[in-house]
Ligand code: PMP
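The chain below stands alone and is given as structure tokens, in the form predicted on its own.
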Amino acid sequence: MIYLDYSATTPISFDVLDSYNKASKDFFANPNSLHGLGVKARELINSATKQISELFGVNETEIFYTSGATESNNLALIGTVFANQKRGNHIIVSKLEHPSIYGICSYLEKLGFEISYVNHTEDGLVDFEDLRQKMRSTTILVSICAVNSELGVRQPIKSIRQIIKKENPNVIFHSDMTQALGKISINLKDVDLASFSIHKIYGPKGIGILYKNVAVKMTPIIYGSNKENLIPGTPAVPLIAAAAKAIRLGIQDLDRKETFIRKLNERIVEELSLQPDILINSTKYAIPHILNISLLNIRPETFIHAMEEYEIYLGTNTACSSGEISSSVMALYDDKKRASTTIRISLSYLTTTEEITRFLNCFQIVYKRLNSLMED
């Protein structure tokens, strides 16, 4: 089996699973309980939060646990604009965001908030001048992802922050860093809010993180018994313990991992570029972990299922919008055919050179077979 859909999700690592199992067995009590077992569970959460905050270089009170990046994005955008709407009603996002961001923006538009979509260069980077021009006195929030989930384009987050704060220092800057964590180095000092999902870094599903700078005002969007808690409910102790382990392991040896993955990426690009009806959509600013291509004469789902016959697993666009036209490719190239025929190959440090050799061999077999059927 060759798995090349790591950007959709990753297999949980043995060490992370071990942490999850131990926490499930030994810290099963409700951490909100006052008895000794509850206190023991709460102490484990506090220890995990301390580890995460130290790894991120932020304060422990700035880490919040969610069910995943989509919930983190909802809380970041909705909770922030609700708490700051007296200052304005204008929000800026990029055209290369995850679908969850656009779903939130559609909801906020119905409530009277105004959304502006900043332009980008031909390589997918945010257009700095357009961002400056779109900034207003009524702008309260800017949300731009650190790494695009479909094309892998990496945005210069620090430079974007400098532009935002220069134009309006009161504007809050959020970044969905889901595809960045564990792949590239990140600095949470460059943002006010950041979203993460742990299943993208060899951790369990169902746990995410929202980083919120202590100065950011936010209104809860879910209510429970504890009115002072931004995210009420019983904390998932085993998931939180596993998240701390996954982050610690995920950010180790990033340079070494990236160098290896880049060699795999370059090998794939070199071979697939020889085919006239295959277009490489990822730009020079894409991280090597994500390679997006278009097979102009073949339906993506047909190709993906054909590759399954060889136990090779690929993706189309984001897993959350699988089967739909690629919004990111459409935004970048303005080509519907190109955007409707995308394949996403996402690599990992777990991927081997032998797997890529087999993948390329099988790719050519399937591609030639399906192309001949189209010609007939």
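In this text, residue numbers run from 1 along the sequence as written. Quantities reported herein were computed from a predicted structural model and do not represent experimental measurements.
Same protein, other form: the form predicted together with the named molecule, not shown, and the subject of what follows.
Exactly one listed residue, out of Lys257, His199, Lys245, His120, brings a non-hydrogen atom to within 4.5 Å of the named molecule in the predicted bound form: His199.
Residue-level contacts in the predicted bound form: of Gln155, Thr283, Ser100, Thr139, one residue has a heavy atom within 4.5 Å of the named molecule, and it is Ser100.
Residues placing heavy atoms within 4.5 Å of the named molecule in the predicted bound form fall in a single listed stretch, namely 61-69, out of 303-311, 61-69, 48-56, 31-39. The closest heavy atom approach of Cys145 to the named molecule in the predicted bound form falls within 4.5 Å. Although the partner is absent from this view, Asn73 contacts the named molecule in the predicted bound form, with a non-hydrogen atom inside 4.5 angstroms. The closest heavy atom approach of Asn292 to the named molecule in the predicted bound form falls outside 4.5 Å.
Not displayed here, the named molecule is approached by Thr178 to within 4.5 Å at the level of heavy atoms in the predicted bound form.
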